[in-house]
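First, one chain by itself: the form predicted on its own, in structure tokens.
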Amino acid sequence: MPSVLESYGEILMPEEAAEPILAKPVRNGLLEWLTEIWAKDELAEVGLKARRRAIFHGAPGTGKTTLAHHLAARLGLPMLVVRPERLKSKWIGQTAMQIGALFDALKAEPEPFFLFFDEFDSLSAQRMDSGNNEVGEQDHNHGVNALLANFDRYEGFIVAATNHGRRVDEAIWRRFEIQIELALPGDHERKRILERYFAPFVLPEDRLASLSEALETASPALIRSFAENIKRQIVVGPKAGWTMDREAVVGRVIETVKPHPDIGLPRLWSLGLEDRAVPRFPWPLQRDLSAYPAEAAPEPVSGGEVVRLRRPA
């Protein structure tokens, strides 16, 4: 029987989570949080509680939802992804009521949930005090106040994600004991993302480095889309009768997979097929490094930065 919570968003189970590829500062911050959660009894002995609320902010496509889901999975909890349109209403007072009803439904569940608010700034934008006593402004303020009140009463874990941290009301921001910015990936993280999503194909290290450089300023979501769409071309292109040389395949992908306008264009999209990484892109892709010509197949990059946030033994 479907949970009443499904009327507020999607429920993601722990076994569905993927392990994120994280920059070192983010990885360290999350490991610290998980460690203190697992040490809640020791914290209680010194009069402290493990922190329960965090906000992830940063550019679109940096993996905020993936990271939250991974955290929920490490805690063994299903995650409710609350979308703002499920709570916001055009009717006066209804948004605040919906927020209250969400938290009531969570408390009524026999097992705890990890609560995740997506596009959180839509619900929590700065309260307005224009002096005009506008009904719309008052209703928005009531919604923010409802969030504040319910956050204070809720004992479970809450993570919110926003692309626009500055828009979030200051009092709401302070309710989050942890604030983490998910920046665009560096060179090391870009290589790990490319390796993950090009699999089962592999790229020689020097060609991987060249492609990573061309994708500087790309979000994880864009890097994933680039790699996965290259693989789609490999499968679908011959069936559709498309030209399958390297330039044709890469050209079709960069024409149909575009970066978010707020992030800007990585070099590969600025220069297109003129980018020096294109003629260095190994083609056709192989599943074994030994299948490439010897001069193009140095040893693979050793060591990954796939984060594994595990409960300590």
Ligand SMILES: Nc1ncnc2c1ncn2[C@@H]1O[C@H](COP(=O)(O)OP(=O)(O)OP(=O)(O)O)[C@@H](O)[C@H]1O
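As the structure is a computational prediction, the values presented were derived from the model and not from experiment. Position 1 is the first residue in the sequence shown; the rest follow in order.
Note that the form predicted in complex with the ligand isn't included here; everything after this is about it.
In the predicted bound form, at least one heavy atom of Pro220 sits within 4.5 Å of the ligand.
Although the partner is absent here, Leu215 lies well away from the ligand in the predicted bound form, with no heavy atom inside 4.5 Å. For Asn145, no non-hydrogen atom is located within 4.5 Å of the ligand in the predicted bound form, even though that partner is not displayed. Using a 4.5 angstroms threshold between heavy atoms, Gly272 stays clear of the ligand in the predicted bound form. Across the options 65-73, 277-285, 264-272, 36-44, residues that bring heavy atoms within 4.5 Å of the ligand in the predicted bound form belong to 65-73. In summary, among the residues Met244, Ala59, Leu31, Ile254, the only one with a non-hydrogen atom within 4.5 Å of the ligand in the predicted bound form is Ala59. Checked against the ligand in the predicted bound form, the candidates Val159, Ile193, Leu203, Met79 yield a single residue with a heavy atom inside 4.5 Å, and that residue is Ile193. Within 4.5 angstroms of the ligand in the predicted bound form, the stretch 17-52 places a non-hydrogen atom from each of Pro20, Ile21, Leu22, taken in sequence order.
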